[in-house]
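Here you get one chain, nothing else, as structure tokens; it is the form predicted on its own.
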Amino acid sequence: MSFFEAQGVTRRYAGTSEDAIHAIDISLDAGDSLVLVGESGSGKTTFLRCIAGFEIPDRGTIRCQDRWWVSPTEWLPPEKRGIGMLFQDYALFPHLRVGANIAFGLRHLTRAEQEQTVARTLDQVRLTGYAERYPHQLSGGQQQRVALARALAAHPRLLLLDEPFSNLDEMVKAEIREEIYGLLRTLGIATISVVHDSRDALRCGDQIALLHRGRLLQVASPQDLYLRPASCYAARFLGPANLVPAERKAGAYHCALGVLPAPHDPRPPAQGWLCIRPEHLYMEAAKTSDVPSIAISCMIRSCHFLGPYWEIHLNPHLLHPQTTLLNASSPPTNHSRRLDTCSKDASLPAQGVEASWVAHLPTHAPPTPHTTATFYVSPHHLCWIE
């Protein structure tokens, strides 16, 4: 049995025609970190508020350990759920010193116990000696540590974080992010976070839940969500993705790149997309003879230096004679029917074979813009999306 479980959680606000969240199913093991991601209005914060008890779901159940928080016959108020909250704006009392902010929810303890708890949590967040300062005397990162100390002081079973890093600059955010999630993992506290930046999601979550228009599109580990997205929307949300319409049949993918082998995909015939991540495109063919490479003739549009790599914008000649599968080539197939019948759903690109691709190359001399070059990709790096 999972430590935390939400089933069928649905919430619709008065005066609206669509559910803010619809039939969300999520589970979490003790000590794990779940990150909620999605564009603005996808339902992330609504779902978090239902977990916290600030919103009452219209349907569905929520259970933590052996206690029901929400069920057809029960609704547990927020103060009895044993959760901690870490907000975007820290929510510190400006007129109270740091120690008093942390002790605010500990009035059931004696004065000595409060002081011990304040000292312990300040030590955990590396702010020993800051108890007598006021919030305005602290930096943004220090205020976030105080907010975390206040949440930890109550020994929460589950910690909820609502975009906790959005008010911090990049350098401070990276430091605070590693400190907070490192500490929470050390303490074994389960967390559910709303994160705006997909890079933060990849770094912070044991599992990532992607929401779109109130629906849960996919829940997976960061690696699986990035390398094996279940939809084009998921592929694009976590970073650039080059997409090619394709048909899967008879152990092969038929697309504008040719007929590509798919020996480990025994599923029945279907139409879908092949996803190629920018870092999987390179400019030299694979050296191993038994691993064929797909050669794609491209026009280089522009090159941008981004530190660890060059970002290359290019136009692939997807139906060009040079576009072949080395050691296993055959003519491309016609996909006009696929392009004409594409759904308007957000999980699909707006058009067919995209005219513009992105490649990420290691830091060395980039190719010359406005010239033709050949890029390669291994079939092992093709991701099928249906």
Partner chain sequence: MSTFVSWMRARFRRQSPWVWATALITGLIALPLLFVLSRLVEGGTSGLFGAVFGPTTRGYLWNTLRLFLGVGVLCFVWGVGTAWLVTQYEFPGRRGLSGALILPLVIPTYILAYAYAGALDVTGPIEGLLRGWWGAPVGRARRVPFEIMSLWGLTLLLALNLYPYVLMTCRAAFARQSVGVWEVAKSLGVGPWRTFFTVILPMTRPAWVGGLTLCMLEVVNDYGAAEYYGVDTFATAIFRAWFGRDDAPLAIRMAALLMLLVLVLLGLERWQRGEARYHEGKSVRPMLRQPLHGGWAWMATLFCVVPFFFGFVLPVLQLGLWTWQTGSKHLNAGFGRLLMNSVWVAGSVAFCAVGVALLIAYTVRVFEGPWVQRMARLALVGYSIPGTVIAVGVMVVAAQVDRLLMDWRWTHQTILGGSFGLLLAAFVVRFLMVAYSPIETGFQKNGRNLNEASRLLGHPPWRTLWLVELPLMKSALLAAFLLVFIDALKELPLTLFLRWGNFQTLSTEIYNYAKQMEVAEEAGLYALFLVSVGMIPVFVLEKLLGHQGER
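Positions refer to the first chain, counted from 1. Since this is a predicted model, take the numbers as computed values, not measurements.
Just so you know, the form predicted together with the partner chain exists too; it's not on screen, but the next bit is about it.
Exercise for the section: Give a yes or no for Ser302: in the model of the complex, does one of its heavy atoms lie within 4.5 Å of a heavy atom belonging to the partner chain? Expected result: No, Ser302 stays farther than 4.5 Å from the partner chain in the model of the complex.
Exercise for the section: With heavy atoms only and a cut-off of 4.5 Å, decide whether Lys44 touches the partner chain in the model of the complex. Expected result: Heavy-atom contact with the partner chain at 4.5 Å: absent for Lys44.
Practice task
Answer for Tyr181 alone: is it within 4.5 Å of the partner chain in the model of the complex, judged on heavy atom distances?
Solution key: Flag for Tyr181 set to no.
Exercise for the section: Report whether the minimum heavy atom distance between Glu132 and the partner chain in the model of the complex is within 4.5 Å. Expected result: Close contact is absent here: in the model of the complex, Glu132 is far from the partner chain, nothing within 4.5 Å, heavy atoms only.
Practice task
Heavy atoms, 4.5 Å, the partner chain in the model of the complex: which of 194 to 202, 232 to 240, 272 to 280, 105 to 113 makes the cut? Say which one.
Solution key: Correct option: 105 to 113.
Handout entry: the partner chain: the contacting residue among Pro308, Gly251, Gly188, Pro72 in the model of the complex [heavy atom, 4.5 Å]
Key = After the contact test, the surviving option is Pro72.
Exercise for the section: Consider the chain as shown here, without its partner, and state which of Cys255, Ile83, Leu211, Val125 has a heavy atom within 4.5 Å of the partner chain in the model of the complex. Expected result: By the 4.5 Å criterion, the partner-contacting residue is Ile83.
Practice task
Note that the partner chain is not shown here; using its position in the model of the complex, name the residues of 55 to 94 with a heavy atom within 4.5 Å of it, in sequence order.
Solution key: Read in sequence order, the residues that approach the partner chain (within 4.5 Å, in the model of the complex) are Glu55, Ile56, Pro57, Asp58, Val70, Ser71, Pro72, Thr73, Glu74, Trp75, Pro78, Glu79, Ile83, Met85, Phe87, Asp89, Ala91, Leu92, Phe93, Pro94.
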